Ligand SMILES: NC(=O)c1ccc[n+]([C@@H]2O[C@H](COP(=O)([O-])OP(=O)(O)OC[C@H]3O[C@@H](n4cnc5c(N)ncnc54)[C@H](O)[C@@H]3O)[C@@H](O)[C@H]2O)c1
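This document starts with one chain, in the form predicted alone, laid out as structure tokens.
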Amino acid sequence: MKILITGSAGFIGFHLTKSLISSKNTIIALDNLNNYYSVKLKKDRLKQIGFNKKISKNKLLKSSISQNLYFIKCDLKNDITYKILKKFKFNIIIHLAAQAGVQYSIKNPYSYVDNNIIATIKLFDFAKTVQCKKIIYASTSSVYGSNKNTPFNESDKTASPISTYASSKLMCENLSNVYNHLYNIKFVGLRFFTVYGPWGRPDMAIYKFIDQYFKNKTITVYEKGNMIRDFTYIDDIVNGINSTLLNFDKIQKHEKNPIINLGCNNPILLSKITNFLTKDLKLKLKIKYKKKLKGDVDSTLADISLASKYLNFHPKTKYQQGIKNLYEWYIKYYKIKI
């Protein structure tokens, strides 16, 4: 198969692309390498999958470690991107590129309109034009808003998002319905739940706690640590995406335009995370407590019965091991002497 992966220098996109290197599929990976967080971190991820040379915009690069992997630095909002991609006859698109971040979306809402909604429309329109009939795309647990009924089920109402980020991702879900109805493109949407692990996003809680500790900064914990998240380790998420790739046709036989939760199904209090960092990893954290931020939800918990049914999805990584893996990666990546 020929697979297009968008957002391949991002946290999840990098790990997914890396997992597919040994396959016989031809992978075209793209990313615009924006500066929402460290561009160096994104480029270092790309080095891990064989892109060590200078990366020029809109230039197709071949991986030094795989004959079947290519990368393009380009933007889904720009027409030139699709002129480059048109030469490939993709069997499937895995759309992970997005402007992430709940809090950033409150101060920068237009970025989410541009990079999540407009970019997605243009990509879906490209798929229509080149007759690519299969798309897997990333959504988020944030679409459930302040839903009090847990675990969150895919059939729950999602009409009341509480952040621009969630609203933009919900719009992407709605667009999949439109393109499925009008053009018979088959979609599987995956709602990710608080993904963490090595090579992660610096704006996410666990990474941020570790980072601020080593920078001798005070960490901020909201609601006295009583907020609950369904922290899901990156390897489990990647396994879920790869299983979606393998089982795409089977899913389509049973579900119309399906959306599937990918979460750990084991929610953890933030206070448990800080306790583990303090007691088990011996980090002497300086903590200050604040009230919950606007746009944040109190708790998330994924009902993963659909993922279990169609993807044989059973998360294996306990949070203790996952945090330890992230901590050890951080020390190695930033060359910290303990």
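In this text, residue numbers run from 1 along the sequence as written. Computed from a predicted model, the values in this text were never measured in an experiment.
FYI, the form predicted in complex with the named molecule isn't displayed, but the following is about it.
- With the partner omitted from this view, the residue of L245, A119, C132, I259 that lies near the named molecule in the model of the complex is A119 [heavy atom within 4.5 Å].
- Contact annotation: of the candidates V238, A138, A205, L170, the single residue with a non-hydrogen atom within 4.5 angstroms of the named molecule in the model of the complex is A138.
- Contact with the named molecule in the model of the complex, judged as any non-hydrogen atom within 4.5 angstroms, is confined among 73 to 81, 123 to 131, 216 to 224, 149 to 157 to 73 to 81.
- At a distance of at most 4.5 angstroms from the named molecule in the model of the complex, all three residues G10, L30 and T194 contribute at least one non-hydrogen atom.
- Looking at L96, you'd find a heavy atom of it within 4.5 angstroms of the named molecule in the model of the complex.
- Taking the partner from elsewhere, F276 is found to have every heavy atom lying beyond 4.5 Å of the named molecule in the model of the complex.
- The named molecule is not shown here, but in the model of the complex it comes within 4.5 Å of a heavy atom of N34.
- Residue contact check for Y165: one or more of its heavy atoms lie within 4.5 Å of the named molecule in the model of the complex.
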